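Next comes just one chain, in structure tokens: the form predicted on its own.
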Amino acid sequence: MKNFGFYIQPDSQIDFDNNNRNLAALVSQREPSFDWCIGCGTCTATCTAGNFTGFNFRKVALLVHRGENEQALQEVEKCMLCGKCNLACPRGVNTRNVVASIQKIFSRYQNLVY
């Protein structure tokens, strides 16, 4: 194929009809403050793991709400659970518990979230 200096990006549509959004409901049950997140990015700006691994809590929350659970699991595995994001959140979202809940849910209920 000839290189024209640009390429066609892969399809990035979100299939809300087929994505399983049970994970978002389960996380909200375990940690009700998960629904308070407005995606401001304060947690991401203070994240220690983000500097080394590219972890981004805002991205995790977005993926979970969209039902893109496999990508969310890959992101969550990068978290060091240090809790700095918890201290910085202006909405009081218990981000550390959200990440821990996602990890527990994946380990216990894999059949519900895939």
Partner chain sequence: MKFDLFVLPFTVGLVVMVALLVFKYLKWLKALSREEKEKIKQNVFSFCSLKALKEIFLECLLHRRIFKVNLFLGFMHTSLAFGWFLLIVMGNVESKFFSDVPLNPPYYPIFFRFFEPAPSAFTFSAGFTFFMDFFLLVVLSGVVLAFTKRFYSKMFGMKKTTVMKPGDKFALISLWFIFPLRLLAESFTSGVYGHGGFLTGTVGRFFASFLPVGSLIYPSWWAYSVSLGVFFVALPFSRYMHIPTEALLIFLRQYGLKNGKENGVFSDIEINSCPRCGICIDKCQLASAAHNYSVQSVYFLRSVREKSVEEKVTFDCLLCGRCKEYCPVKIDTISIRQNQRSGYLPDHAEAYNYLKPARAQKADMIYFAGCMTHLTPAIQHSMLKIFRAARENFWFMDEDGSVCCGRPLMMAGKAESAKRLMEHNIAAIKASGAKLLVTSCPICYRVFREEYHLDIKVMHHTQYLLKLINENRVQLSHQDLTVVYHDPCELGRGCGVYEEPRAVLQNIAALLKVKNERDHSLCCGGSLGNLQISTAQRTAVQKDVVARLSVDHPDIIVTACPSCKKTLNIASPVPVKDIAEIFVQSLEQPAVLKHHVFEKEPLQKVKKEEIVVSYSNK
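Just so it is clear, the structure is predicted and the values come from calculations on it, not from any experiment. Residue numbers count along the first chain shown, from 1.
The form predicted in complex with its partner chain exists for this protein as well; it is not shown, and the discussion that follows is about that form.
Its partner chain is not shown here, but in the model of the complex it comes within 4.5 Å of a heavy atom of G83. At the 4.5 Å threshold, heavy atoms of C79 reach its partner chain in the model of the complex. Under a 4.5 angstroms non-hydrogen atom cutoff, its partner chain in the model of the complex lacks K59 among its neighbouring residues. Contact annotation: A49 falls within 4.5 Å of its partner chain in the model of the complex, judged by heavy atom distances. Residues L81, C82, G83, K84, L87, A88, G92, N94, R96, N97, A100, Q103, K104, S107, R108 of 81 to 108 are found to place at least one heavy atom within 4.5 Å of its partner chain in the model of the complex.
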